[in-house]
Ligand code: PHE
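This document opens with one chain alone, in structure tokens, the form predicted on its own.
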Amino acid sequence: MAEQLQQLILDTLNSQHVIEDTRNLVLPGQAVAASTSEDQITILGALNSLLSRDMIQYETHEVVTHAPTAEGAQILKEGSHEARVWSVLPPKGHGTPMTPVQLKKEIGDETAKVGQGRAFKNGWIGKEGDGLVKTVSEIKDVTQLDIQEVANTGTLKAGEKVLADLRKRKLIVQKKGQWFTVRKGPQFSTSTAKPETDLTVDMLTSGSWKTASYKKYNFEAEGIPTAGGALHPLLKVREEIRNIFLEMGFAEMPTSSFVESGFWCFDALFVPQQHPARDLQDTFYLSDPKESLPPNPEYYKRVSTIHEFGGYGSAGYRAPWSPEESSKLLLRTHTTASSAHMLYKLAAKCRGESLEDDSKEFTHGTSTAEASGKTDDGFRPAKLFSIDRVFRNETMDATHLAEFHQVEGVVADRNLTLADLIGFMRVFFQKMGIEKVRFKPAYNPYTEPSLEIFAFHPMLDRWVEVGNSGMFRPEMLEPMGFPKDVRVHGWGLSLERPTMIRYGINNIRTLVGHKTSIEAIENSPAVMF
């Protein structure tokens, strides 16, 4: 299959000189054009093989499409919720009106609940006494037609507003794909045969050496000089930032847990279970094993309760809680999951439990209650930081990778204010050599208030976003067991962005990946913020 596909690409280039769109190729053994994402992945493997031999060159184009979800596929077969509600009701003035209870028994609770409201809104049904009846003789099931159009074309002529509504109802899902434009390379040939690099016994025995094509050797070339090791620019910048944290009295958190549960990565941080970050197109979920071990039952109950019903002065999200969503295993999307683990351990003594051994080294100073002679409630101030890898389901381009590093810090103490956070961030960035800093209000599910951090970039002559920060919400801290007067500052920034600015790199794929220049790494200067 791979060789056949490579030959197809070369033959098509030979006749057409350029392949404008690989979605128009017909793969070997298929009768239709290669239109699916899976087809393009297969083509990409063949393109990379030919590219490695300089036989072709190609450009990547990104495309965003949509496809029906399982619920959307059900609507294609059976009609929308509102259409199913309308279909079972008697016409107005004919027959006995159907009560809401009878309606639920007829088509199911969920279908009746969703469809009834939308059918009323569309003017398809109405009340007659204590029951429901049809108010129109015919309907046009627009929802089913829209999903059918999405299934056929991947998009919708009605526009983004309708698409957004279907996504919100979880009837369709957004998918990211790519296709390619292919041109001839400097070593273009219609033959996929690789030149021989060695003369073997079998070739001498069979006589095939007489007609074989051989790779040329340059016998006058000098040998490759022995090279010593060199630190990658990311490691140099990482060490500089790490030294700044240590100089300011921070302790480094353990962050070796690349795999986290949905509970620690999202739920414990008060991120709603309906948040877009939890969708498949943004997060990598594990297929084996799929589920994590359960957390502490009492803490789990407090977290699920505040999400679903509220508490600690909060109304919560008032949305159904899903244990399955909470137990999913995933590649962590931020190191804040590790911060949540550490804060939960730091709150152990406040909950009346013994402080775990691996948390003692992260506490600093004496509690306010103890210093004032009052009964000690177990809280100790702490300053923690981490620099480690996180994973996002991103389409790779000049500024995004599916794997990158996050620099994170937290400060826990009593009665901290937003002014303390702003003052601290100014000192932190000043130590990094960034004098001009601005703050902009923002929204994060687990911090309130939240601030985006901007710094003036003299080379670009403009302000650029360098990080995000805020004060962790009581809905996150109080279920852990912290006293009400304890506040926690949190902030984060990427490691790759300051590294690219420092070394004048404009494409992240030349910093990390197969395009990275070994010579550039060896010659990169030490970082001095």
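When you see a residue number, it is the position in the sequence shown, counting from 1. Being a predicted model, the structure only gives us computed values, none of them experimental.
There is another form of this protein, the form predicted together with the named molecule, and it is not shown here; the text below is about that form.
Taking the partner as it appears in the predicted bound form, which of 239-247, 194-202, 149-157, 444-452 has residues with heavy atoms within 4.5 Å of the named molecule? Flagged stretch: 444-452.
Between the options Glu128, Glu408, Asp413, Asp377, which residue brings a heavy atom to within 4.5 Å of the named molecule in the predicted bound form? Checked against the cut-off, the match is Glu408.
Note which of Arg118, Arg167, Lys383, Arg392 lies within 4.5 Å of the named molecule in the predicted bound form, where distance is taken over heavy atoms; exactly one does. Contact residue from the list: Arg392.
Taking the named molecule as it sits in the predicted bound form, is Asn468 near enough to touch it, meaning that at least one heavy atom pair lies within 4.5 angstroms? Heavy-atom contact with the named molecule at 4.5 Å: present for Asn468.
Though only this chain appears here, would Phe482 touch the named molecule in the predicted bound form if you measure heavy atom gaps against 4.5 Å? No, Phe482 is distant from the partner.
Can you work out whether Trp491 and the named molecule are in contact in the predicted bound form, taking contact to mean some heavy atom pair no more than 4.5 Å apart? It does: once the named molecule is placed as it appears in the predicted bound form, Trp491 has a heavy atom within 4.5 Å of it.
Tell me, yes or no, whether Thr143 is in contact with the named molecule in the predicted bound form, where a contact means a heavy atom of each within 4.5 Å. It does not: once the named molecule is placed as it appears in the predicted bound form, Thr143 has no heavy atom within 4.5 Å of it.
Using a 4.5 Å cut-off on heavy atoms, which residues of 333-347 contact the named molecule in the predicted bound form? Read in sequence order, the residues that approach the named molecule (within 4.5 Å, in the predicted bound form) are His334, Thr336.
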